[in-house]
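Consider the single chain below, provided in structure tokens and representing the form predicted alone.
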Amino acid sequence: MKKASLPLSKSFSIGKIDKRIYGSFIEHLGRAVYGGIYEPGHPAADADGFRTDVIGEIKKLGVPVVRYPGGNFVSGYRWEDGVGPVENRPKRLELAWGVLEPNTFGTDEFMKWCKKADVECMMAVNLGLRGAEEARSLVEYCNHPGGTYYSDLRRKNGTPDPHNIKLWCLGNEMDGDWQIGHKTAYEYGRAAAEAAKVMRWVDPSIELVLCGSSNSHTRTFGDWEVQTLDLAFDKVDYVSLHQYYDNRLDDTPSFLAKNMDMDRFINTIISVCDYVQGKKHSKHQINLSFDEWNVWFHSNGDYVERWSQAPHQLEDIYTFEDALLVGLMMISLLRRADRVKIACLAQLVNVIAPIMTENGGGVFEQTIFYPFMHMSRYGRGTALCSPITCGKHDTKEFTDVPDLDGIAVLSEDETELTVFAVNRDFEEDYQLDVDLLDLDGFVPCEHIEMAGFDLKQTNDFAASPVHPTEAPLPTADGGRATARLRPLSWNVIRFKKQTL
């Protein structure tokens, strides 16, 4: 058995974890909305057509915020099409995904769903085909109490009180030529700055997210952030990052090291933000919103009939190895919790999602459901500096990959401590010694693991063979706890502080 050590001290913290780091994403894409969160006539649907079985799964995940309505969809979306009497709403050709959008679900329905699902909204505005005028009108519709055209329109549509949405995205992936209304960095920076200005004039309390690079491998990566931040720096609070990883080459060792690329991506964008801050001699700090992230490749080649409505689209069925990488990606997010304040697992239901539904039927939890749930449930409080000393290995894509990766979180009331860890070694157990340097009185209370599954094993409606189980409790000796981490495993090691 290999050996590793993890010294922990509450004196060495990374920062307080913003609960919004456990956010997710719902786009008008495939069956995320229609047949996902919204299916009138389903046996589990409530009077508003919302699937209560799906809401139950979302509450198990503890998702605090959901980004909406896109995604690529938003760059061609007229928000006015999705409000008012449903019978008067137009059907539109949805160009981003090549389907028909009926607009029977829109802003007011989503906000009603948010209340029932106990989540906040992260609203995106269209800066592709539209601009500052439409963006400020949507803020007025959603957040102004009344007495103006758009606020009174909301009241007329059946919502007397403001939705009071505080977090807004200034478009989506505007650096990509696949995006409707794609812009250069200068064009987008100017459009975002003007939209931000008038949106804040309507509601000065809102927070704004500037579009960053769609991923870390785009041609404009880095320079895009410098140019757009230079134009909009004082008007925004966050810059967005998007990243998806795949295992198309069936190279699992490299696949399970890809969160190292995510670490570099995050650190590079932090450096760019700080460079622009220094250049402007500003005290304003820009933080990060990693508002699209996941594993995505299983469904990329799926055929969808053009102009169909709510087709089965991008419905990845996730494997055990996907779950391991999702856990590793979340470790990377918490590793920079001092600057990553918002993150959205993309997406929430059916479309590259942890939750899958059957139209008219049941629901099941994908393999990636569990590490996300564990992190969301036990990963709230303060992220601690977690330097694991362990062996390393090389892969085809990466060198010096640590066999173990992990993060520790001290709860807000400092009565619980949780270590999240992945053993990337294919063959050997690891003995992990956790040294609780100044965390007196903490004793192991639970060890949850996902281990021993075939790497390509999946869950489905019939059965969920890939699921967490209870592992033997770590042994404790004074201020040290020793846990066994099995090969290729996801681990949640929990401690509680004893009270006299």
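Each residue number is its position in the shown sequence, starting from 1. Remember, it's a predicted structure, so these values are computed and weren't measured experimentally.
One more form of this protein, predicted together with a small molecule, exists but is not displayed; see below.
Residue contact with the small molecule in the predicted bound form: residue 352 places a heavy atom within 4.5 Å of it. At least one heavy atom of residue 173 is located within 4.5 Å of the small molecule in the predicted bound form. Contact check for residue 398: every heavy atom lies farther than 4.5 Å from the small molecule in the predicted bound form. The shortest heavy atom separation between residue 111 and the small molecule in the predicted bound form exceeds 4.5 Å. Picking from 23 to 31, 48 to 56, 427 to 435, 463 to 471 the stretch near the small molecule in the predicted bound form, with a 4.5 Å limit on heavy atoms, gives 23 to 31.
Checking 82, 406, 379, 71 for any heavy atom within 4.5 Å of the small molecule in the predicted bound form turns up a single hit: 71.
Of the residues 233, 221, 320, 97, just one reaches the small molecule in the predicted bound form with a heavy atom at 4.5 Å or closer; this is 97.
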